[in-house]
Each structure stands twice: as structure tokens, then as C-alpha cells.
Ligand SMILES: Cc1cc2nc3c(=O)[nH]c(=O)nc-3n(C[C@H](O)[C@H](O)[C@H](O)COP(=O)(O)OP(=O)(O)OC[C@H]3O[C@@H](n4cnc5c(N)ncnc54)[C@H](O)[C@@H]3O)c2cc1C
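Starting off, we have a lone chain in the form predicted on its own, written out as C-alpha cells.
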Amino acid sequence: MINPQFIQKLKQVCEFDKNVALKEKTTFRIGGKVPFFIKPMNSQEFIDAVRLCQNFRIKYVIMGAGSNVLAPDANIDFVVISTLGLNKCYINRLGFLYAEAGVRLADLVRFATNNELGGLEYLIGIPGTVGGAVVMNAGAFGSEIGNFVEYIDILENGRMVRLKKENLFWGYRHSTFTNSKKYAIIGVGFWLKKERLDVITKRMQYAILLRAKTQKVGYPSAGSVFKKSGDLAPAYLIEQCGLKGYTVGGAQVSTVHSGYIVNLGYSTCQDVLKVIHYVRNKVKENFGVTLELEIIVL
């Protein structure tokens, strides 16, 4: 039961919706109803919403585009704070490209390209936001977002703090912020190099074509379910186990890209979890490799 005082104070902070189905907010198109879906429209409203949840000890999840998450079917005991209203992107007075947490990666790449700033174009096809991409150090075709981050503005213990690149950790699909509830990302400063527009555009078009050729699975999904293990791609290991097309309920190992689990249109969270469990066991049994999840299970 949500404290009525929390609701009254939330009304003074920002807009929100009640009883929102998370299947409408995630690319997996899976998830039950969350009691409150909070929609701050700028960084101050976002900070106030997070502080309010913390002060009232309300469990919350920060969500951007919902592109790499699997939400539960029922009994949801948390509220969601959306970052999609934090969508400003600009070149600041220090010369850094600054993007708020809710800026979609496609918009970030296009903004950088239009300003003849190169480096981020390989991220063009990733359907997430800046905040989510930083948390998981998103990347594609050998390039990772962490390579271009100069600093990150975060909310820590109720106040805004700027973390510079020397204080940040980056790993494969991992960062300082992965699995941490301590920080809330507000915005990111990128240092990019000036390049000719035609050079950047050529790389961007290549990334778009390659992604369309290899990853257009045709059904709702959360992208790659598992992290790469050493030199072996999860899709290769899964396919070698004969699991391409393996199905439980409405969840299926994609017949196009074995690293994806897709929602055939009627999948539940439990269907996906059962597929994940079976796939991990089979890969472990056949190759001795323990696949680590890349998606976030809420």
C-alpha cells in the first residue's frame, strides 16, 4: 500500500500515471501493471522524484526506453521513474556533447553526426537511451559508449555529483553503475573528435545495414539476452546445442538470431525465464560455459 502522503507530494513534483502495464513500456512487450509510472520532464523533476521515493522508502526502478529489461507478470511492488522526459542534447560551453539520461541513442548519434562529431555512429541501431547505455556500457561492432565518456552527472545520496572519466570503470557490458542502486544517472558529457560528415555518415550507414541483416528478428525482444563469453558468441553456442527455435509458451529462441529470445505475441515473463534457464543449462552441459545475462530482470 503506497503512503497517501507520498501521492500528495508526488503530485507537487511531476506528472504520473497509475496502474500502467509494463508490457506497454518495454520492447519485450511483457510485464504486469506497475502502481505508479512517474514522468519527470526535466532533470530537477527527476531529482525530486528520486528523492521523494527515497524519503518515503518507496522501492523504485529507473527506466528509459525499456529495451533491455524483462518485467514481472504480477505482484509488482515497485514504482517506475521514467527518464524519457530528460531528452536534451547540446554542445556545452566546454565543447563537450552533453546528453541527458533519456536521450535515445539514435537521436544522440544523429545530433553528433550533424555536428560533424565522430565516434558514436556504431551505436545507431541500439534501441536504448543514454542512461541505460552507460549502465551496461552498450556497444556494437567493436565500439563501446564508455570509450567516449568524459564525465557523468549522477544523483548520489540526494545531491548531484559529477564523476570524471578517471573515476569510472568500464568493462564488457559492465560499468560502475551495473548492479548498483547507489547512483541515478542524470546526464553524460562526451568528448568526440571532429570528422568530415561523409566519413561519419558512411560508417553509420554500414552499421545500419549490418544490424538489419543480422538482427532483424521480426518479433518483440530485448536484444541480446546473454553476454559474450570470451571469444565465443552466445548465439553460436546456443545454435550448436540445437536450440534455435526452442519454445516455451510464447517465448522462443529466435530462428533468425539465436542470441535473441523473442515474444511470439503471447509470452509471459515466466515463459522467457524458463527458456533462459533451459538454454543456460544446455550450454553449460555441452560447452562448460556459464552464460551471463545481458538483459535486466526486474
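Given the structure is predicted, the values throughout are model-derived calculations rather than measurements. Residue indices: 1-based, along the sequence shown.
What comes next is about the form predicted together with the ligand, which does not appear here.
K.L.:
Given the stretches 109-117, 125-133, 91-99, 191-199, which is the single one in contact with the ligand in the predicted bound form, using a heavy atom cutoff of 4.5 Å?
P.N.:
Looking at the partner contacts, the answer comes out as 125-133.
K.L.:
Using heavy atoms only and a 4.5 Å cut-off, determine which of 30, 272, 63, 253 is in contact with the ligand in the predicted bound form.
P.N.:
The option sitting close enough to the partner is 63.
K.L.:
Should residue 296 be counted as a contact of the ligand in the predicted bound form, where contact means heavy atoms within 4.5 Å?
P.N.:
It does: once the ligand is placed as it appears in the predicted bound form, residue 296 has a heavy atom within 4.5 Å of it.
K.L.:
Give a yes or no for residue 203: in the predicted bound form, does one of its heavy atoms lie within 4.5 Å of a heavy atom belonging to the ligand?
P.N.:
Because no heavy atom of residue 203 falls inside 4.5 Å of the ligand in the predicted bound form, the answer is no.
K.L.:
Under a 4.5 Å heavy atom criterion, is residue 68 part of the interface with the ligand in the predicted bound form?
P.N.:
Flag for residue 68 set to yes.
K.L.:
Whether residue 227 contacts the ligand in the predicted bound form should be assessed with a 4.5 Å heavy atom distance threshold; does it?
P.N.:
It does not: once the ligand is placed as it appears in the predicted bound form, residue 227 has no heavy atom within 4.5 Å of it.
K.L.:
May I ask you to list the residues of 138-169 that have any heavy atom within 4.5 angstroms of the ligand in the predicted bound form, in sequence order?
P.N.:
Residues within 4.5 Å: 138, 139, 140.
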